[in-house]
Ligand code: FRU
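Coming up is one lone chain in structure tokens, specifically the form predicted alone.
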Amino acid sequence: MSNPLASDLNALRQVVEKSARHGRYAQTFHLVPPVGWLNDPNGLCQLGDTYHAFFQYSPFSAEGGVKMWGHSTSSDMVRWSYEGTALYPDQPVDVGGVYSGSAYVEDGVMHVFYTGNVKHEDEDGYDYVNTGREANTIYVTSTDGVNFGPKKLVMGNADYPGDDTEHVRDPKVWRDGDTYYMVQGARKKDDTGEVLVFSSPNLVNWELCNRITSNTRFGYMWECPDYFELPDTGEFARHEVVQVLSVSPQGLHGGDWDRRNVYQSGYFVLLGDVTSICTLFPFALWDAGFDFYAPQTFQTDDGRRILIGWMGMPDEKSYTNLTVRDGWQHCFTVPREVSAKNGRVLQWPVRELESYRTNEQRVSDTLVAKDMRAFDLLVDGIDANEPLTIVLANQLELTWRDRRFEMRFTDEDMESVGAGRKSRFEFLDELRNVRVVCDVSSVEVFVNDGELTFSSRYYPVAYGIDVMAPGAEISLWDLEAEA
């Protein structure tokens, strides 16, 4: 590394990583940081036979700090290997942090775009929303995900609409025909969120072609946008393709939003042309649990659309993570295959996870199991008129009663299994099946073939599973994915 700042950060990072220990809540098949803090998934892609996942990384503190891009790879999206830090905040255009972005792969080259954050010294009372911040769109390339070429500034504050604040970030890029497109999240000066759509003939020169927002104010900032299309495989599909605009809106209040997370992640099904005239259908949650934010998708070489989310929640003070005492915090979700059926968007753990199943158990009605730290549980053929109860680690209850599916921790203490987490629930017309994928310190619940999910971190003292599902078929497997 010729840049002195990058060299120094690299040396300091290696020092703290050498002494890192994940402790009792180390995950076995979830991507975690070697040490310190992890947040948004970035640059998700497949290059050759290798899957690449970059992540927002602050190695010097489990509570966050200077942002760089950590880098992990996998051959199957289950077992991940840490490859070091790919991008450091080492230039004037990103000195405040290498923020979120994406990767587009073409002809063996990884084209990476990210937000270079710059916060000027507060000499004039900057609010860092309308003043004092640079949101620079940076472009860099790599052929291996490890060695990157020079950073190019392709857009800055002057290139964004004049009625937007200086909060414009998180570029996601794709190609359609001979044209490249990019979406970025933005906050307007009237405190409404929107998605900016840009086009380019060459990945360097970008021009604004559309601005997308809801008919009524829906939060003040739309972070981490993503756009993709899914073939609808349903027998009663109205359209051959479902167009999906994913966003993470901040500032939703009132009604049901007050019982949910401080920030949300979800999607609009879009009708029309994302680059010009389009209509947004009602917002749907990606995940109704405690720990899910800033998801990003990519397409595999075999055509699957894969979604990975950050298993964390920014600016949340009511609960915590007990891994902080071990010097690290947060992880990614299990990669999820995203599909569409009869206009519904579904999520399901990547099929590669099933190859790690062992010790199958099949029973009806009830099941009790102890000491399973990583497992895959499926409850199928559920009678929607009967109550369902799944208890994990004696304190996490998943219940179905009166058309309400709930994830609830029975002990709300900060030192409990839920570390302060309480309850999340949604109302459903029916319940057909529930799949629960657990790692040492995480729970991901997939309801009705993945129409809805609930994700949470948890910290058991003793591991156990109790299922009461009258009339249902219950399947349970150990997941032995640890290297």
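A quick note: this is a predicted structure, and the numbers were derived from the prediction, not measured. The first residue of the sequence shown is number 1, and the count goes up from there.
What follows is about the form predicted in complex with beta-D-fructofuranose, which we do not show.
Next on the checklist: Within 4.5 angstroms, counting heavy atoms, which one of the listed stretches 80 to 88, 189 to 197, 281 to 289, 223 to 231 is next to beta-D-fructofuranose in the predicted bound form?
Outcome noted: Of the stretches listed, the one contacting the partner is 223 to 231.
Next on the checklist: Quick check on residue 396: any heavy atom within 4.5 Å of beta-D-fructofuranose in the predicted bound form?
Outcome noted: Flag for residue 396 set to no.
Item to check | residue 113, heavy atom within 4.5 angstroms of beta-D-fructofuranose in the predicted bound form | outcome: The answer is no: residue 113 has no heavy atom within 4.5 Å of beta-D-fructofuranose.
Checklist entry - Does the 4.5 Å heavy atom contact test between residue 27 and beta-D-fructofuranose in the predicted bound form come out positive? => result Although beta-D-fructofuranose is absent here, residue 27 would stay clear of it in the predicted bound form, with no heavy atoms inside 4.5 Å.
Checklist entry - Does the 4.5 Å heavy atom contact test between residue 294 and beta-D-fructofuranose in the predicted bound form come out positive? => result Looking in the predicted bound form, residue contacts with beta-D-fructofuranose include residue 294, since a heavy atom lies within 4.5 Å.
Next on the checklist: By the heavy atom within 4.5 Å rule, which residue out of 99, 268, 180, 328 makes contact with beta-D-fructofuranose in the predicted bound form?
Outcome noted: Partner contact (heavy atom, 4.5 Å) among the options: 99.
Checklist entry - Which residues, if any, of 46 to 73 lie within 4.5 Å of beta-D-fructofuranose in the predicted bound form when only heavy atoms count? => result Stretch hits, in order: 56, 67.
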